[in-house]
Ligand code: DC
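Presented as structure tokens, the chain that follows is alone, the form predicted alone.
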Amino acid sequence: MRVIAIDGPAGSGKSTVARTLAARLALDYLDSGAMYRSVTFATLRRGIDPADADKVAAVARDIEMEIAGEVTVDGVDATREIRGPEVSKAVSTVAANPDVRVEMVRRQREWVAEHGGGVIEGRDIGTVVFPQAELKVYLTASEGERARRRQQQVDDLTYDDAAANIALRDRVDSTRATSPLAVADDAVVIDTTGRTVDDVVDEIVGRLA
């Protein structure tokens, strides 16, 4: 199976680059972040406190989710809601839950087995989920660039709020005990600041055998 891992912090361009790369290579694409957001969406929808580790872990094991062009959670179209401020505020807490991560890693590996490979993006794909991936890429960008991108993704979000959200997410993701955001030893690090998507994808393709 051909597996390409794309990791990086929020706003680094992971989703756009990974989606474009998958189309270029005729591979399926999986946004692992959408999976954690789906669990968060379901948790909030059921009135569960995101900090209640046991109940949130039960939600992760119980929910039905489909991550494709649209995101469906328990039969509900959650494509827009998982990117909204309520989910964005709580997703770091949910994603730091060790039992949730175990379940999402299981589902991610199952997805790849069913699809015969793919381009998978997230924060621990190259370090934890697929350490034997054919190519591991870690995307980064300047803080200002990442904040601007996040501001464009979320309606009614100011630049200052976007920057604060990015800083908080970086701190939580990098310091959590389970599967923290980190650069794999053999990952290719690419700074996407000021670069077009096609330019970044061209570089990644050029590094493939």
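What you see is a predicted model; the values in this text were computed from it and never measured. All residue numbers are counted from 1 along the displayed sequence.
Beyond what is shown, the protein has a form predicted together with this ligand; the following relates to that form.
The candidate stretches are 132 to 140, 87 to 95, 71 to 79, 109 to 117, and the one lying within 4.5 Å of this ligand in the predicted bound form by heavy atoms is 87 to 95. P50 falls outside the set of residues with a heavy atom inside 4.5 Å of this ligand in the predicted bound form. Remark: E145 does not count among the residues lining this ligand in the predicted bound form, judged by a heavy atom distance of 4.5 Å or less.
When contacts are judged by a 4.5 Å heavy atom cut-off, D28 does not count as touching this ligand in the predicted bound form.
Using a 4.5 angstroms threshold between heavy atoms, S32 counts as touching this ligand in the predicted bound form.
Judged against this ligand in the predicted bound form with a 4.5 angstroms heavy atom cut-off, the residues R101, D124 and R169 are in contact without exception. In summary, among the residues R176, R45, R149, K55, the only one with a non-hydrogen atom within 4.5 Å of this ligand in the predicted bound form is R176.
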